[in-house]
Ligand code: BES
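Shown here is one chain on its own, the form predicted alone, set out as C-alpha cells.
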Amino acid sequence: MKYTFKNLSEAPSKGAAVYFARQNNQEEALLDAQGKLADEATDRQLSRAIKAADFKAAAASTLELIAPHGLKLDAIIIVGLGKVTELNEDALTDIGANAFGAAQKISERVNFVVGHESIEVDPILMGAALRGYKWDKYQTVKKVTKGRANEIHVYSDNQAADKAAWDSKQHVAEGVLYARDLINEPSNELNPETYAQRLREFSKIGIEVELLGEKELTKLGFGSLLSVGQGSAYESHVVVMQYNGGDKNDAPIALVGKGVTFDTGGISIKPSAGMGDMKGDMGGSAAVVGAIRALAARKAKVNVVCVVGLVENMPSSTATKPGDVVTSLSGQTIENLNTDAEGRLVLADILWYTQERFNPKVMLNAATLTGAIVVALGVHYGGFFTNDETLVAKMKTAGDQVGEPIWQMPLHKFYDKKIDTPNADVKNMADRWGGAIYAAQFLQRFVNDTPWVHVDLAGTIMGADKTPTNQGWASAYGVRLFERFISEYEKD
C-alpha cells in the first residue's frame, strides 16, 4: 500500500473520497467542514443522500455516493463517527476499516479527508491497513485483482505529524499482516523447519536470531518439547530472537509462543471434521513473532526476547503414547495422559528456558491452548492468567485500546492439586471441567517467580467472527495487544 499525506487545501480529484459525519444528540448526521464543502461542490448531493437514506452517522456506518455528478471522483463515502464524545482509538480503527472496505470496492485510490479535530489519523489508517488484507497466495485460476485499493491519500491540517505517527504505527500493522500470513499458510508449506528458516530474515531489522535444532535441544534437555514432535518427519526447532533497543543493562520483556505447525492430536487423534484448521495451532507463536517484528521495525526503545517452540504433532510408530512419562528441561517429569494436550508440553520447556537464560522482568506467553477457553469466553475475548496482579490492569487496558479485549481467568491451589499424579511430578490433564485453568496451572509450574502472563487465544486468533478489521480466517489477535502492552509497560 502506498500512503501520501496532503494539506486540506487540496481536494481529492480522483478515486474514492471519504468524508466524515458526526451524530448529534438528536441522532442526526452532521457533516464536518470539509464534508460541507464537498456538499456544496456537488449541488447538495451529500445532504440529500443523507436525508433520503435516513443516515444517522452511527459509528463506522457508511453511505456511498457512486460517481457524484459534477466531479471526476469514482465515489464519495460518508462515514459516521457516532457521538464525538464517545470516540476512542478502537472506534476510530473500526471507522477506518469500514470506510476503506466500502471505498476499495469502487476504486484503487482511497482518499481520507480528515477535517474534524477529534479524529486521529493513525487509528483510521490502522483500520484501513488491516481491512485491506487478503489471503490469496495460492489462487491462480480465479485470483481476484479487482476491488483492491493500492493507494491511500490523507488530507489533513497536520500532515507532517500525521505522517510521522503513521510511519511508526505502520510497522504494527505490518506485524499483524505478517502474522496473518503465517497462520494462513498450509502446513505442507509452513512446517517447523521452514518456519524456523523464515525467522532468520528478522536479522535484517535488527533482531538477533538463533536457531536450535533437535541436536542442540536434546543436548540441552528439552525432553518435553521434543516428545511432542517425535512422531513427525520434520525436525523440531526452538527459535530465539533478541531485540535490544533499550538500555543494555535493562532486563528484557519476554514473549513466548506455542508453534505447533499442525496438530493432529497425535495418538489421541482429533476427529477429522475441522482438523484442517489445525494448521493455525501455531497462532500463539505468530502473535509474539508479529509483536517483536513490529517493535524492532519501529525501533522501540525496549529490550525484548522472543522464544518460540516449533513442532508438528503427528501419529506414527515413533509418536509419544498416552501414559508415557517424559523429563522436561526443568527436571520435572510429566505424565502425558493425552497427546492432544501437547501445547503445554512445548511451553513448559521454552518458558523454563526463557526465564532461566534471560531473567526477564515480565514473561508473556501466547498459545491456542484449549477449546475450553472458547467455551468460557467465545470468540471475542482472549483469556489470560497471571501470577502478578499488578499486570492485570495493564493487560486489560492494552487490549481495550487496540480492540483485542482480554479477560482474566483464575489460578488457585485447588486446581493445581488436581494435576498431581503418582506416576510423575505432574500430569498434562485433569478432569473435563475447567480445562483452560488446568492448562494454566500446569504452565505455572515452569515459570518460578518470574512475573508472568499466559494468554489463551484459541477462540480469537483464527476462525472467529468477521469484524471491521478482519474479513478473513486468521485475525492475528495478540500482535497489537502485546505490542501495546510492552510499549506502555516501559513508560511506567
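Since this is a predicted model, take the numbers as computed values, not measurements. Numbers follow the displayed sequence, beginning with 1.
The discussion below concerns the form predicted in complex with this ligand, not included here.
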Heavy atom within 4.5 Å of this ligand in the predicted bound form, from candidates Thr320, Ser107, Asn303, Thr370, belongs to Thr370
Can you pick the one in Arg180, Arg344, Arg293, His237 that has a heavy atom within 4.5 Å of this ligand in the predicted bound form?
Arg344
Exactly one listed stretch (159-167, 69-77, 400-408, 370-378) reaches within 4.5 angstroms of this ligand in the predicted bound form by non-hydrogen atoms, and it is 370-378
Quick one: does Asp281 come within 4.5 Å of this ligand in the predicted bound form, counting heavy atoms only?
yes
At the 4.5 Å heavy atom threshold, is Met429 in contact with this ligand in the predicted bound form?
yes
Is Met462 close enough to touch this ligand in the predicted bound form, meaning at least one heavy atom pair within 4.5 Å?
yes
Exercise: Glu312 in contact with this ligand in the predicted bound form, heavy atom 4.5 Å:
no
Output the sequence-ordered list of residues from 241-274 with at least one heavy atom within 4.5 Å of this ligand in the predicted bound form.
Lys258, Asp263, Lys270
